[in-house]
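Next comes just one chain, in C-alpha coordinates: the form predicted on its own.
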(Lines give C-alpha, C1' and ligand atoms only; values in the text may rest on other atoms or scores of the structure.)
Protein backbone atom coordinates (compact mmCIF):
# COMPACT_ATOMS: atom_id res chain seq x y z
CA UNK A 1 0.00 0.00 0.00
CA UNK A 2 2.82 2.43 0.99
CA UNK A 3 4.62 1.64 -2.26
CA UNK A 4 1.48 2.41 -4.29
CA UNK A 5 1.02 5.70 -2.44
CA UNK A 6 4.65 6.57 -3.11
CA UNK A 7 4.22 5.90 -6.83
CA UNK A 8 1.07 8.00 -6.85
CA UNK A 9 2.88 10.82 -5.09
CA UNK A 10 5.70 10.78 -7.65
CA UNK A 11 3.14 10.62 -10.48
CA UNK A 12 1.29 13.67 -9.21
CA UNK A 13 4.52 15.46 -8.30
CA UNK A 14 5.17 17.43 -5.16
CA UNK A 15 5.06 21.18 -5.36
CA UNK A 16 6.06 23.67 -2.72
CA UNK A 17 3.68 26.50 -1.88
CA UNK A 18 4.36 29.69 -3.81
CA UNK A 19 6.82 32.12 -2.25
CA UNK A 20 6.87 35.88 -2.35
CA UNK A 21 10.66 35.76 -2.42
CA UNK A 22 13.43 33.35 -1.65
CA UNK A 23 12.86 33.90 2.03
CA UNK A 24 10.68 31.09 3.52
CA UNK A 25 9.40 33.51 6.13
CA UNK A 26 7.74 35.50 3.35
CA UNK A 27 5.73 32.60 1.93
CA UNK A 28 2.19 33.70 0.95
CA UNK A 29 -0.52 32.05 3.02
CA UNK A 30 -4.09 33.35 3.21
CA UNK A 31 -5.03 35.07 6.42
CA UNK A 32 -7.24 32.83 8.58
CA UNK A 33 -9.76 35.68 8.75
CA UNK A 34 -9.61 36.68 5.06
CA UNK A 35 -13.11 37.20 3.69
CA UNK A 36 -14.72 36.99 7.10
CA UNK A 37 -14.82 40.64 8.17
CA UNK A 38 -18.09 41.37 9.92
CA UNK A 39 -21.38 39.68 9.00
CA UNK A 40 -21.87 37.10 6.27
CA UNK A 41 -22.49 38.52 2.80
CA UNK A 42 -25.67 36.45 2.93
CA UNK A 43 -26.77 37.78 6.35
CA UNK A 44 -29.77 39.62 4.88
CA UNK A 45 -31.36 36.49 3.44
CA UNK A 46 -34.68 35.46 4.91
CA UNK A 47 -35.42 31.86 5.82
CA UNK A 48 -37.28 30.29 2.90
CA UNK A 49 -40.38 28.23 3.65
CA UNK A 50 -40.29 24.48 3.23
CA UNK A 51 -41.50 23.13 -0.10
CA UNK A 52 -45.27 22.57 0.41
CA UNK A 53 -44.99 18.93 -0.68
CA UNK A 54 -41.55 17.89 0.54
CA UNK A 55 -42.11 19.91 3.72
CA UNK A 56 -44.83 17.44 4.73
CA UNK A 57 -42.17 14.74 5.06
CA UNK A 58 -39.94 17.08 7.08
CA UNK A 59 -42.78 17.65 9.58
CA UNK A 60 -43.64 13.92 9.59
CA UNK A 61 -40.04 12.97 10.41
CA UNK A 62 -40.04 15.30 13.43
CA UNK A 63 -43.21 13.76 14.88
CA UNK A 64 -42.41 11.09 17.54
CA UNK A 65 -45.94 9.62 17.47
CA UNK A 66 -46.04 5.84 16.85
CA UNK A 67 -49.32 6.16 14.90
CA UNK A 68 -48.15 8.85 12.45
CA UNK A 69 -48.90 8.35 8.74
CA UNK A 70 -47.25 10.17 5.84
CA UNK A 71 -49.67 10.60 2.93
CA UNK A 72 -47.88 13.59 1.42
CA UNK A 73 -44.97 12.17 -0.51
CA UNK A 74 -45.60 10.95 -4.06
CA UNK A 75 -43.68 7.72 -3.72
CA UNK A 76 -44.93 4.13 -3.72
CA UNK A 77 -44.88 2.20 -0.46
CA UNK A 78 -45.44 -1.49 0.21
CA UNK A 79 -48.21 -2.85 2.43
CA UNK A 80 -45.62 -2.65 5.24
CA UNK A 81 -45.06 1.04 4.50
CA UNK A 82 -41.56 0.51 3.11
CA UNK A 83 -40.02 1.92 -0.10
CA UNK A 84 -39.99 -0.66 -2.90
CA UNK A 85 -37.14 -1.52 -5.22
CA UNK A 86 -38.60 -3.57 -8.07
CA UNK A 87 -37.14 -7.04 -8.52
CA UNK A 88 -36.67 -6.33 -12.21
CA UNK A 89 -34.62 -3.24 -11.34
CA UNK A 90 -32.35 -5.32 -9.10
CA UNK A 91 -31.91 -7.84 -11.92
CA UNK A 92 -31.02 -5.11 -14.40
CA UNK A 93 -28.53 -3.56 -11.98
CA UNK A 94 -26.87 -6.93 -11.45
CA UNK A 95 -26.48 -7.36 -15.19
CA UNK A 96 -24.89 -3.93 -15.42
CA UNK A 97 -22.51 -4.62 -12.51
CA UNK A 98 -21.42 -7.91 -14.08
CA UNK A 99 -20.68 -6.31 -17.44
CA UNK A 100 -16.95 -5.59 -17.20
CA UNK A 101 -16.99 -3.70 -20.49
CA UNK A 102 -19.02 -0.86 -18.94
CA UNK A 103 -17.17 2.35 -18.20
CA UNK A 104 -17.99 5.66 -16.53
CA UNK A 105 -17.32 7.96 -19.47
CA UNK A 106 -19.52 10.98 -20.12
CA UNK A 107 -22.68 10.38 -22.09
CA UNK A 108 -23.40 12.61 -25.09
CA UNK A 109 -25.32 15.82 -24.32
CA UNK A 110 -28.54 14.11 -25.44
CA UNK A 111 -27.93 11.10 -23.19
CA UNK A 112 -27.94 7.34 -23.71
CA UNK A 113 -29.05 6.57 -27.27
CA UNK A 114 -30.77 3.25 -26.44
CA UNK A 115 -32.65 4.87 -23.59
CA UNK A 116 -33.92 7.68 -25.82
CA UNK A 117 -35.01 5.35 -28.60
CA UNK A 118 -36.81 2.97 -26.24
CA UNK A 119 -38.43 5.79 -24.24
CA UNK A 120 -40.00 7.31 -27.34
CA UNK A 121 -41.37 3.89 -28.33
CA UNK A 122 -42.78 3.39 -24.84
CA UNK A 123 -44.88 6.54 -24.92
CA UNK A 124 -45.69 6.85 -28.65
CA UNK A 125 -45.92 3.12 -29.46
CA UNK A 126 -43.43 0.88 -31.23
CA UNK A 127 -45.40 1.25 -34.47
CA UNK A 128 -45.70 5.04 -34.25
CA UNK A 129 -45.54 6.67 -37.70
CA UNK A 130 -43.77 9.69 -36.14
CA UNK A 131 -40.92 7.43 -35.00
CA UNK A 132 -40.80 5.57 -38.34
CA UNK A 133 -40.53 8.87 -40.19
CA UNK A 134 -37.78 10.15 -37.84
CA UNK A 135 -39.97 13.08 -36.79
CA UNK A 136 -39.27 12.54 -33.09
CA UNK A 137 -36.26 13.84 -31.23
CA UNK A 138 -35.73 12.53 -27.70
CA UNK A 139 -33.19 13.68 -25.13
CA UNK A 140 -32.46 12.13 -21.75
CA UNK A 141 -33.12 14.54 -18.88
CA UNK A 142 -33.15 14.66 -15.09
CA UNK A 143 -36.46 12.88 -14.44
CA UNK A 144 -39.78 14.58 -15.10
CA UNK A 145 -38.89 17.94 -13.59
CA UNK A 146 -35.72 18.22 -15.65
CA UNK A 147 -37.56 17.18 -18.80
CA UNK A 148 -40.17 19.88 -18.24
CA UNK A 149 -37.49 22.48 -17.56
CA UNK A 150 -35.47 21.67 -20.69
CA UNK A 151 -38.64 21.77 -22.78
CA UNK A 152 -39.71 25.06 -21.21
CA UNK A 153 -36.29 26.67 -21.77
CA UNK A 154 -36.37 25.52 -25.40
CA UNK A 155 -39.85 26.95 -25.95
CA UNK A 156 -39.01 30.24 -24.23
CA UNK A 157 -36.09 30.66 -26.63
CA UNK A 158 -37.50 29.32 -29.90
CA UNK A 159 -41.31 29.26 -29.86
CA UNK A 160 -43.35 32.25 -31.02
CA UNK A 161 -45.75 32.13 -28.05
CA UNK A 162 -44.37 32.56 -24.55
CA UNK A 163 -47.60 31.80 -22.68
CA UNK A 164 -48.40 28.37 -21.25
CA UNK A 165 -51.79 27.32 -19.87
CA UNK A 166 -51.65 24.85 -16.98
CA UNK A 167 -54.62 23.12 -15.32
CA UNK A 168 -56.04 24.47 -12.07
CA UNK A 169 -55.06 22.81 -9.84
CA UNK A 170 -51.82 21.15 -10.91
CA UNK A 171 -48.59 19.83 -9.42
CA UNK A 172 -47.10 22.58 -7.27
CA UNK A 173 -43.78 22.59 -9.14
CA UNK A 174 -45.32 23.26 -12.58
CA UNK A 175 -45.81 27.03 -12.28
CA UNK A 176 -42.32 27.48 -10.81
CA UNK A 177 -40.63 25.44 -13.54
CA UNK A 178 -42.31 27.31 -16.38
CA UNK A 179 -42.06 30.78 -14.85
CA UNK A 180 -38.35 30.48 -14.09
CA UNK A 181 -37.74 29.17 -17.61
CA UNK A 182 -39.16 32.42 -18.99
CA UNK A 183 -42.75 31.51 -19.88
CA UNK A 184 -45.86 33.38 -18.79
CA UNK A 185 -48.15 31.04 -16.85
CA UNK A 186 -51.94 31.14 -17.07
CA UNK A 187 -54.46 28.55 -15.88
CA UNK A 188 -57.45 26.74 -17.32
CA UNK A 189 -60.29 25.26 -15.29
CA UNK A 190 -59.88 21.55 -14.64
CA UNK A 191 -61.28 20.36 -11.31
CA UNK A 192 -64.85 20.85 -10.13
CA UNK A 193 -64.98 20.92 -6.29
CA UNK A 194 -68.75 20.40 -6.35
CA UNK A 195 -68.57 17.04 -8.14
CA UNK A 196 -64.94 16.28 -7.22
CA UNK A 197 -64.58 15.45 -10.89
CA UNK A 198 -63.60 17.13 -14.15
CA UNK A 199 -64.87 20.60 -15.04
CA UNK A 200 -64.93 19.68 -18.70
CA UNK A 201 -67.05 22.60 -19.87
CA UNK A 202 -64.81 25.08 -18.08
CA UNK A 203 -61.75 23.41 -19.60
CA UNK A 204 -63.15 23.74 -23.13
CA UNK A 205 -64.18 27.35 -22.59
CA UNK A 206 -60.78 28.39 -21.22
CA UNK A 207 -58.78 26.64 -23.94
CA UNK A 208 -61.22 28.00 -26.51
CA UNK A 209 -60.46 31.55 -25.42
CA UNK A 210 -56.68 31.02 -25.24
CA UNK A 211 -54.64 32.93 -27.85
CA UNK A 212 -53.81 30.99 -31.00
CA UNK A 213 -50.54 29.11 -30.67
CA UNK A 214 -50.45 29.12 -26.86
CA UNK A 215 -48.74 26.18 -25.14
CA UNK A 216 -51.02 23.91 -23.08
CA UNK A 217 -49.74 21.61 -20.34
CA UNK A 218 -51.66 18.33 -20.23
CA UNK A 219 -51.27 15.50 -17.70
CA UNK A 220 -51.02 12.35 -19.82
CA UNK A 221 -52.77 10.25 -17.15
CA UNK A 222 -53.39 10.13 -13.38
CA UNK A 223 -53.71 13.89 -12.99
CA UNK A 224 -51.75 15.23 -10.02
CA UNK A 225 -53.14 16.23 -7.54
CA UNK A 226 -56.78 15.41 -8.33
CA UNK A 227 -56.65 11.88 -9.75
CA UNK A 228 -59.30 13.04 -12.24
CA UNK A 229 -58.72 12.22 -15.94
CA UNK A 230 -60.80 12.99 -19.04
CA UNK A 231 -62.41 10.03 -20.77
CA UNK A 232 -60.94 9.06 -24.14
CA UNK A 233 -63.95 10.70 -25.82
CA UNK A 234 -63.25 13.92 -23.91
CA UNK A 235 -59.59 13.69 -24.89
CA UNK A 236 -60.67 13.57 -28.52
CA UNK A 237 -62.71 16.77 -28.06
CA UNK A 238 -59.73 18.42 -26.38
CA UNK A 239 -57.52 17.37 -29.29
CA UNK A 240 -59.90 18.76 -31.90
CA UNK A 241 -60.21 22.07 -30.07
CA UNK A 242 -56.46 22.44 -29.57
CA UNK A 243 -55.61 21.61 -33.16
CA UNK A 244 -58.27 24.01 -34.47
CA UNK A 245 -56.61 26.83 -32.52
CA UNK A 246 -53.02 25.65 -33.20
CA UNK A 247 -52.45 25.25 -29.45
CA UNK A 248 -49.20 23.38 -28.73
CA UNK A 249 -49.61 20.34 -26.43
CA UNK A 250 -46.96 19.75 -23.77
CA UNK A 251 -47.69 16.42 -22.05
CA UNK A 252 -46.37 15.60 -18.61
CA UNK A 253 -46.27 11.80 -18.38
CA UNK A 254 -45.22 10.96 -14.84
CA UNK A 255 -47.37 7.85 -14.29
CA UNK A 256 -47.51 5.77 -17.48
CA UNK A 257 -48.64 2.28 -16.48
CA UNK A 258 -49.12 3.40 -12.90
CA UNK A 259 -52.68 4.66 -13.36
CA UNK A 260 -54.51 1.73 -14.95
CA UNK A 261 -51.78 -0.88 -14.81
CA UNK A 262 -51.53 -0.79 -18.63
CA UNK A 263 -48.68 1.08 -20.32
CA UNK A 264 -50.59 1.34 -23.59
CA UNK A 265 -53.88 2.49 -22.06
CA UNK A 266 -52.15 5.23 -20.08
CA UNK A 267 -50.37 6.49 -23.21
CA UNK A 268 -53.52 6.59 -25.35
CA UNK A 269 -54.20 10.34 -24.93
CA UNK A 270 -50.67 11.19 -26.10
CA UNK A 271 -50.95 8.84 -29.06
CA UNK A 272 -54.22 10.49 -30.11
CA UNK A 273 -52.33 13.74 -30.60
CA UNK A 274 -49.45 12.05 -32.43
CA UNK A 275 -51.79 10.24 -34.82
CA UNK A 276 -53.08 13.46 -36.37
CA UNK A 277 -49.61 14.40 -37.59
CA UNK A 278 -49.36 17.51 -35.42
CA UNK A 279 -46.49 18.61 -33.23
CA UNK A 280 -46.18 18.23 -29.45
CA UNK A 281 -43.81 17.86 -26.51
CA UNK A 282 -43.83 15.03 -23.97
CA UNK A 283 -41.91 14.84 -20.70
CA UNK A 284 -41.48 11.35 -19.27
CA UNK A 285 -40.44 10.19 -15.81
CA UNK A 286 -39.40 6.73 -14.64
CA UNK A 287 -39.57 7.72 -10.95
CA UNK A 288 -42.93 6.11 -10.28
CA UNK A 289 -43.38 3.33 -12.83
CA UNK A 290 -39.91 1.85 -12.27
CA UNK A 291 -39.40 3.14 -8.74
CA UNK A 292 -36.27 5.03 -9.83
CA UNK A 293 -37.04 8.15 -7.78
CA UNK A 294 -33.52 8.99 -6.68
CA UNK A 295 -31.89 7.98 -9.96
CA UNK A 296 -33.57 10.97 -11.67
CA UNK A 297 -34.37 9.28 -14.98
CA UNK A 298 -36.51 11.07 -17.54
CA UNK A 299 -36.82 12.02 -21.19
CA UNK A 300 -38.11 14.90 -23.25
CA UNK A 301 -39.50 14.05 -26.69
CA UNK A 302 -40.56 16.58 -29.30
CA UNK A 303 -42.68 15.37 -32.21
CA UNK A 304 -42.06 17.53 -35.28
CA UNK A 305 -43.59 17.90 -38.75
CA UNK A 306 -40.55 16.47 -40.54
CA UNK A 307 -37.24 14.71 -39.96
CA UNK A 308 -35.41 17.86 -41.04
CA UNK A 309 -37.14 19.96 -38.40
CA UNK A 310 -36.53 17.26 -35.75
CA UNK A 311 -32.78 17.37 -36.45
CA UNK A 312 -32.73 21.15 -36.04
CA UNK A 313 -34.75 20.91 -32.83
CA UNK A 314 -32.28 18.40 -31.40
CA UNK A 315 -29.36 20.68 -32.24
CA UNK A 316 -30.98 23.49 -30.28
CA UNK A 317 -31.90 21.23 -27.35
CA UNK A 318 -28.20 20.47 -27.00
CA UNK A 319 -27.54 24.19 -26.63
CA UNK A 320 -30.11 24.33 -23.82
CA UNK A 321 -28.72 21.30 -21.97
CA UNK A 322 -24.97 21.98 -22.28
CA UNK A 323 -24.81 25.07 -20.02
CA UNK A 324 -27.47 23.66 -17.69
CA UNK A 325 -25.95 20.32 -16.59
CA UNK A 326 -23.74 19.42 -19.56
CA UNK A 327 -24.94 15.83 -19.93
CA UNK A 328 -27.11 13.42 -17.93
CA UNK A 329 -26.09 10.59 -15.56
CA UNK A 330 -25.59 7.09 -16.93
CA UNK A 331 -26.70 4.59 -14.30
CA UNK A 332 -30.47 5.09 -14.11
CA UNK A 333 -30.86 5.38 -17.87
CA UNK A 334 -28.89 2.15 -18.28
CA UNK A 335 -31.30 0.37 -15.91
CA UNK A 336 -34.28 1.54 -17.96
CA UNK A 337 -32.68 0.64 -21.29
CA UNK A 338 -31.71 -2.82 -19.98
CA UNK A 339 -35.32 -3.52 -18.96
CA UNK A 340 -37.00 -2.07 -22.05
CA UNK A 341 -34.83 -3.90 -24.59
CA UNK A 342 -35.05 -7.36 -22.96
CA UNK A 343 -38.40 -9.05 -23.62
CA UNK A 344 -38.31 -11.14 -20.44
CA UNK A 345 -37.32 -8.24 -18.18
CA UNK A 346 -39.94 -6.05 -19.87
CA UNK A 347 -42.61 -8.68 -19.20
CA UNK A 348 -41.57 -8.93 -15.53
CA UNK A 349 -41.69 -5.13 -15.26
CA UNK A 350 -45.28 -5.00 -16.57
CA UNK A 351 -46.31 -7.60 -13.98
CA UNK A 352 -44.71 -5.68 -11.10
CA UNK A 353 -46.12 -2.41 -12.41
CA UNK A 354 -49.65 -3.80 -12.53
CA UNK A 355 -49.24 -5.15 -8.99
CA UNK A 356 -48.39 -1.64 -7.76
CA UNK A 357 -51.35 -0.12 -9.61
CA UNK A 358 -53.68 -2.84 -8.29
CA UNK A 359 -52.57 -2.28 -4.68
CA UNK A 360 -53.39 1.42 -4.99
CA UNK A 361 -56.83 0.58 -6.42
CA UNK A 362 -57.35 -1.79 -3.48
CA UNK A 363 -56.48 1.02 -1.03
CA UNK A 364 -59.12 3.22 -2.69
CA UNK A 365 -61.81 0.61 -2.18
CA UNK A 366 -60.75 -0.11 1.41
CA UNK A 367 -60.85 3.58 2.33
CA UNK A 368 -64.22 4.09 0.64
CA UNK A 369 -65.68 1.05 2.43
CA UNK A 370 -64.28 2.23 5.79
CA UNK A 371 -65.85 5.68 5.42
CA UNK A 372 -69.17 4.19 4.38
CA UNK A 373 -69.09 1.81 7.36
CA UNK A 374 -68.61 4.79 9.70
CA UNK A 375 -71.46 6.70 8.11
CA UNK A 376 -69.14 9.58 7.36
CA UNK A 377 -71.18 12.53 6.00
CA UNK A 378 -70.78 13.26 2.31
CA UNK A 379 -70.44 11.36 -0.95
CA UNK A 380 -67.06 9.62 -1.06
CA UNK A 381 -67.46 7.82 -4.38
CA UNK A 382 -64.82 10.12 -5.88
CA UNK A 383 -62.21 8.09 -4.00
CA UNK A 384 -62.91 5.06 -6.19
CA UNK A 385 -63.62 7.08 -9.34
CA UNK A 386 -60.32 8.96 -9.28
CA UNK A 387 -57.22 7.24 -10.60
CA UNK A 388 -53.49 6.97 -9.99
CA UNK A 389 -51.34 7.66 -6.97
CA UNK A 390 -53.33 10.57 -5.54
CA UNK A 391 -56.81 11.28 -4.29
CA UNK A 392 -58.16 14.80 -3.93
CA UNK A 393 -60.24 14.20 -0.82
CA UNK A 394 -62.16 17.48 -0.76
CA UNK A 395 -60.97 18.14 2.80
CA UNK A 396 -60.26 21.81 3.52
CA UNK A 397 -57.15 23.36 5.07
CA UNK A 398 -58.65 23.46 8.58
CA UNK A 399 -59.69 19.80 8.40
CA UNK A 400 -56.21 18.81 7.19
CA UNK A 401 -54.61 20.74 10.08
CA UNK A 402 -57.00 19.05 12.54
CA UNK A 403 -56.09 15.57 11.24
CA UNK A 404 -52.39 16.32 11.55
CA UNK A 405 -52.71 17.71 15.07
CA UNK A 406 -55.14 15.15 16.47
CA UNK A 407 -54.36 12.01 14.45
CA UNK A 408 -50.76 12.62 13.26
CA UNK A 409 -51.76 12.20 9.62
CA UNK A 410 -49.64 14.24 7.23
CA UNK A 411 -50.81 15.44 3.81
CA UNK A 412 -50.62 18.57 1.69
CA UNK A 413 -52.88 21.41 2.85
CA UNK A 414 -55.11 21.10 -0.25
CA UNK A 415 -56.36 17.72 0.96
CA UNK A 416 -54.39 15.60 -1.49
CA UNK A 417 -53.41 12.18 -0.16
CA UNK A 418 -51.07 9.62 -1.64
CA UNK A 419 -52.97 6.35 -1.84
CA UNK A 420 -49.62 4.55 -2.12
CA UNK A 421 -48.80 5.69 1.40
CA UNK A 422 -51.79 3.78 2.81
CA UNK A 423 -51.94 0.19 3.96
CA UNK A 424 -54.65 -2.13 5.27
CA UNK A 425 -53.30 -1.38 8.76
CA UNK A 426 -53.51 2.42 8.43
CA UNK A 427 -56.83 2.72 6.50
CA UNK A 428 -58.98 2.48 9.69
CA UNK A 429 -56.91 5.23 11.37
CA UNK A 430 -57.29 7.50 8.33
CA UNK A 431 -61.02 6.79 8.11
CA UNK A 432 -61.41 7.69 11.81
CA UNK A 433 -59.52 10.93 11.22
CA UNK A 434 -61.57 11.91 8.16
CA UNK A 435 -64.81 11.10 9.96
CA UNK A 436 -63.80 13.25 12.93
CA UNK A 437 -62.62 16.09 10.70
CA UNK A 438 -65.79 16.38 8.59
CA UNK A 439 -68.12 16.01 11.59
CA UNK A 440 -66.27 18.48 13.84
CA UNK A 441 -64.62 20.99 11.46
CA UNK A 442 -66.65 22.82 8.79
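Keep in mind the model is a prediction, meaning the values are calculated, not measured. Numbering follows the first chain given and starts at 1.
Only in words, not in the display: the form predicted together with a small molecule, which the text now covers.
Quick one: does residue 300 come within 4.5 Å of the small molecule in the model of the complex, counting heavy atoms only? Looking in the model of the complex, residue contacts with the small molecule do not include residue 300, since no heavy atom lies within 4.5 Å.
Evaluate residue 53 for contact with the small molecule in the model of the complex, applying a 4.5 angstroms cut-off between non-hydrogen atoms, and reply yes or no. Heavy-atom contact with the small molecule at 4.5 Å: present for residue 53.
Non-hydrogen atom contact residue 266 with the small molecule in the model of the complex at 4.5 angstroms: Contact with the small molecule, no.
Is the gap between residue 138 and the small molecule in the model of the complex 4.5 Å or less for some heavy atom pair? Although the small molecule is absent here, residue 138 would stay clear of it in the model of the complex, with no heavy atoms inside 4.5 Å.
Residue (of 199, 224, 260, 120) lying close to the small molecule in the model of the complex, criterion heavy atoms within 4.5 Å: Of the candidates 199, 224, 260, 120, 224 is the one lying within 4.5 Å of the small molecule in the model of the complex.
Using a 4.5 Å heavy atom cut-off, which residue among 349, 171, 154, 250 comes into contact with the small molecule in the model of the complex? Result of the distance check: 171.
Looking at 121 to 129, 69 to 77, 327 to 335, 357 to 365, which lies within 4.5 angstroms of the small molecule in the model of the complex, counting heavy atoms? Heavy atoms within 4.5 Å of the small molecule in the model of the complex occur in 69 to 77.
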